[in-house]
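Given as structure tokens, the chain that follows is alone and in the form predicted on its own.
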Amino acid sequence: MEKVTITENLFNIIGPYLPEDINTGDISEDKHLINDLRINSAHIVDIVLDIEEKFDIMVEDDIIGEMNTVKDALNIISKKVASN
């Protein structure tokens, strides 16, 4: 799967979990999911579940802790997709 496709899909997954004052145009690879995009920890779990379903991968609990920025999430997804 191409990085562009993974990126588009991830942005679409993150979008519904953004607070009202942040829009999807604010999402970029350098944004921290909690500090910059203000996604709460419960929604991080929801995002991971959505990622697992969309990309047909399994994200282990210890890897979730490494998913700080959008770029981190993209790298994790890319590695998991490539290994499937």
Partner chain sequence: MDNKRVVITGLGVVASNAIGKDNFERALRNGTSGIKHRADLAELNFRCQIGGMPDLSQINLGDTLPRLHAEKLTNKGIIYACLAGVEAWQDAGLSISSDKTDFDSGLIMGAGALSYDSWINREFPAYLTDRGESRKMGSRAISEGMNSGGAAYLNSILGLGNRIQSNSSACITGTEAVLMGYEYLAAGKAERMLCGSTEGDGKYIWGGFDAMRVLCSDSNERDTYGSRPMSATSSGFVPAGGSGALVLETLESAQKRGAKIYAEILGGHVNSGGQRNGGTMTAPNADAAIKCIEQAITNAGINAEEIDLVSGHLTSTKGDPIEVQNWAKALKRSGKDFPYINTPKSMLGHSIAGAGSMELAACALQLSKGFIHGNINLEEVHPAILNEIDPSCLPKTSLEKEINTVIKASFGFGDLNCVIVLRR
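Just so we're clear, the structure is a prediction, and the values are computed from it rather than from any experiment. Residue numbers count along the first chain shown, from 1.
We do not show the form predicted together with its partner chain, though everything after this point is about it.
Participant: Examine residue 33 and determine whether its closest non-hydrogen atom to its partner chain in the model of the complex is within 4.5 angstroms.
Facilitator: No, residue 33 is distant from the partner.
Participant: Report yes if any heavy atom of residue 52 sits within 4.5 Å of a heavy atom of its partner chain in the model of the complex; otherwise report no.
Facilitator: Yes, contact at 4.5 Å.
Participant: Does residue 29 reach its partner chain in the model of the complex, with heavy atoms at most 4.5 Å apart?
Facilitator: No, no contact at 4.5 Å.
Participant: Could you confirm whether residue 63 comes within 4.5 Å of its partner chain in the model of the complex, counting heavy atoms only?
Facilitator: Because no heavy atom of residue 63 falls inside 4.5 Å of its partner chain in the model of the complex, the answer is no.
Participant: Does anything in 25 to 50 come within 4.5 Å of its partner chain in the model of the complex by heavy atoms, and if so which residues, in order?
Facilitator: Contacts from 25 to 50: 42, 43, 45, 46, 49, 50.
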